[in-house]
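Before any questions on how it binds or moves, here is one chain, the form predicted alone, in structure tokens.
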């Protein structure tokens, strides 16, 4: 074989080893060339799943030589010791949420949208378990996010063909798939890939929470060119990698007011602030999400129970 560099995508990471894939060569294991390890030793993993890399073959071993510039990268950061690059070069960041059993909390969705806002990926919301709720409940859960301009899909693994519109939309693209425990993400991945690659776990009747069934992000390659990057269940979307201005700009409701602001780099929320006026008009769910995230930035690395606010608690 020629020693010319070959282009691969990283599909999984095993400690110091990287699983890499190309249509021509299939799946192989690779390591970093020595100099590259030294250059990036400050990072636990210099590359993440989804990265495009140039690779050389040295006798029987594949050696990663260099990284292709990323077009997108998604981070989460919940504490000083819990910062992760989750995926690179995806077109879409897809959050699978559950309408019931368990109902995904609105704060979790809003934190995902904020985290994705600076990633270079387009956020997609997939509301699962439509068979467990009525039409009014579906509209209540999805209408405001549709109003804000986010792409929404409603699905049920128990309703034949309900996944087809989502599958067609993601065809030929690279999509990062995420969701918290129990929302049915693994079952949806199985349907999208027409396989049972991912193991599934029944929901516990006493806790209404599922168990983590995957332990590491994995890229799944479909012959038509579609790539799904399946992530392990995420308990909380940390947004500490954002600064205050980035957080404000992640709320579409505030963008117009922010663009009209005459005090550049202000964001002091004074009495005459247009952002403050719109902030007061936000739906209660969004207002609480904003307050919670601002509080997280002001007191980093500390958690607040308000992050777990649920629309079902409204009025209590």
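Positions refer to the first chain, counted from 1. Just so it is clear, the model here is predicted, and its values are computed rather than measured.
The following text describes the form predicted together with a small molecule, which does not appear among the structures shown.
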Exercise. Report yes if any heavy atom of residue 245 sits within 4.5 Å of a heavy atom of the small molecule in the model of the complex; otherwise report no.
Key: no
Quiz item: Would residue 158 count as a contact of the small molecule in the model of the complex, using a 4.5 angstroms cut-off between non-hydrogen atoms?
Solution: yes
Exercise. Answer yes if any heavy atom of residue 132 is within 4.5 Å of a heavy atom of the small molecule in the model of the complex; otherwise answer no.
Key: yes
Quiz item: Even though the small molecule is not shown here, does residue 184 get within 4.5 Å of it in the model of the complex, heavy atoms only?
Solution: yes
Quiz prompt | One residue of 180, 89, 106, 217 in contact with the small molecule, assessed in the model of the complex (non-hydrogen atom, 4.5 angstroms) | solution = 180
Quiz item: Quick one: which of 237 to 245, 67 to 75, 107 to 115, 122 to 130 gets within 4.5 Å of the small molecule in the model of the complex, going by heavy atoms?
Solution: 122 to 130
